[in-house]
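Below, in structure tokens: the form predicted on its own, a single chain.
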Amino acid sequence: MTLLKRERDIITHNEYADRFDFDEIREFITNAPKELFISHTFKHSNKTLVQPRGGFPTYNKMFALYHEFQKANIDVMPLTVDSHTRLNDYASAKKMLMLSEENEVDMLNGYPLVTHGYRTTRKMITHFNTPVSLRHGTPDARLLIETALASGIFEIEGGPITYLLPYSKNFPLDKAFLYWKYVEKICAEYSTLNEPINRESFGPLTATLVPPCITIVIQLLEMLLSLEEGVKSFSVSFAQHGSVMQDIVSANVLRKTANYYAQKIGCSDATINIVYHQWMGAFPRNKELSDSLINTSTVIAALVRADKIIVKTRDEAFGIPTMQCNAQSVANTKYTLQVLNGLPNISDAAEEENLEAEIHSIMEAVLNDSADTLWRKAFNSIKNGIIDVPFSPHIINHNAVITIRDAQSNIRIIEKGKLPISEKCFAFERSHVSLSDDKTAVINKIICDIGVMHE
């Protein structure tokens, strides 16, 4: 028995999970309709796919949500998992699901996939016959991903860095790398049966003044960790920065560097897609302004030629949106994208040259670490501050990188901590901002920059 099979047996023999019939699951995936695979949809689409977030605790409510999305002509369905499942607390998820069903009140903030099980969930997934993307935020997603793939969910978001540093305070990062290595192996294994399973990294990170070089380096590392295990379809992503030009520059450089590093490890046969997240910071409470922000984000997604856009709703500032509000946001976004055909290619040579140089400097430092595997190199780089995510709550993150917005709302690095970027690149960053000698004024400016879209 292989080490992976032993680990798999331990993980899937869980009292709160379905009993896994792997022969039946493999047969199901082998014969699954191509329409369930977003990798297939990407391959045969020349438009930006539209995907919201969304998850309700009960099967009936989740089914009704999908029905509303289908009426809005959705491209990709979401399945957002509840917080208890994210933390592997399946006992609480089961209890809260029972209360939700008995009282017809949502006691969970998402769909408890492990509790429902793959046999039940698969009926819903195959009924709608549209690609479904798993959104979850889980450091240890092994049982969750086994359940998702068996259910017919063939896009898996997340990774050991992007689902840890923004969300967790002290979950061990080395364990997260090993748990996600398991996920990559399972996704790669199932990819040989039909169309490839698509993996997607979570680009927004903390969604708080994260400079593009850090976002992109983390995207590249999670992509490489996935590709080295045999995954053939991967989506890198990033979120709206607050500057249209910085988003365009980021997309151009991310596309270029992703292809470069995939080829560098001999994975030029992998398909790399770009995903754009609408604004992930604080939303305005004025719903008309929220509509304007969502439309602006959609225009940017068209400008950067995103393969997929993750949409928000006008109720973002007020909590979980209604089904109807979520579906309306999908319909509005699809309409805006339809109107925006034929936009020109835009670039900024100086900004792109600087960003690319920053990325290559950080990547070189990571790859030159003395550790024997890529995940250990990445782990050491985070531990040593070579990768440093602003406003991360995790104890391993240095939080020494300080950023601020310039006059055009671009995010600029004003304190680089241990980021191994050149003095030339750092001077380029600093040259775009005029800093006050008054530290309190600088701090107040940073606070304002965090909530730049709030109103």
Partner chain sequence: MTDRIKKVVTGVVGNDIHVVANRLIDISLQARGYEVFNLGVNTYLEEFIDAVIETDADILLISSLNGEAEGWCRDLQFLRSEYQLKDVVFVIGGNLAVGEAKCEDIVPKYKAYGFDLVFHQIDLNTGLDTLEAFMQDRITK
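Residue numbers count along the first chain shown, from 1. This one's a predicted model, so the numbers in the text were calculated from it and none came from an experiment.
Omitted from view is the form predicted together with the partner chain, to which the following refers.
Not displayed here, the partner chain is approached by residue 391 to within 4.5 Å at the level of heavy atoms in the predicted complex. Proximity of residue 443 to the partner chain in the predicted complex: non-hydrogen atoms within 4.5 Å are present. Residue contact check for residue 166: one or more of its heavy atoms lie within 4.5 Å of the partner chain in the predicted complex. The shortest heavy atom separation between residue 106 and the partner chain in the predicted complex is within 4.5 Å. Checking 352, 369, 89, 101 for any heavy atom within 4.5 Å of the partner chain in the predicted complex turns up a single hit: 89. Screening 357, 320, 193, 265 for any heavy atom within 4.5 Å of the partner chain in the predicted complex leaves a single hit, 320. Heavy atoms within 4.5 Å of the partner chain in the predicted complex map, among the stretches 145 to 153, 121 to 129, 280 to 288, 177 to 185, onto 280 to 288 alone. Every member of the trio 83, 447 and 450 reaches the partner chain in the predicted complex with some non-hydrogen atom inside 4.5 Å. Scanning 184 to 214 for heavy atoms within 4.5 Å of the partner chain in the predicted complex gives just one residue, 208.
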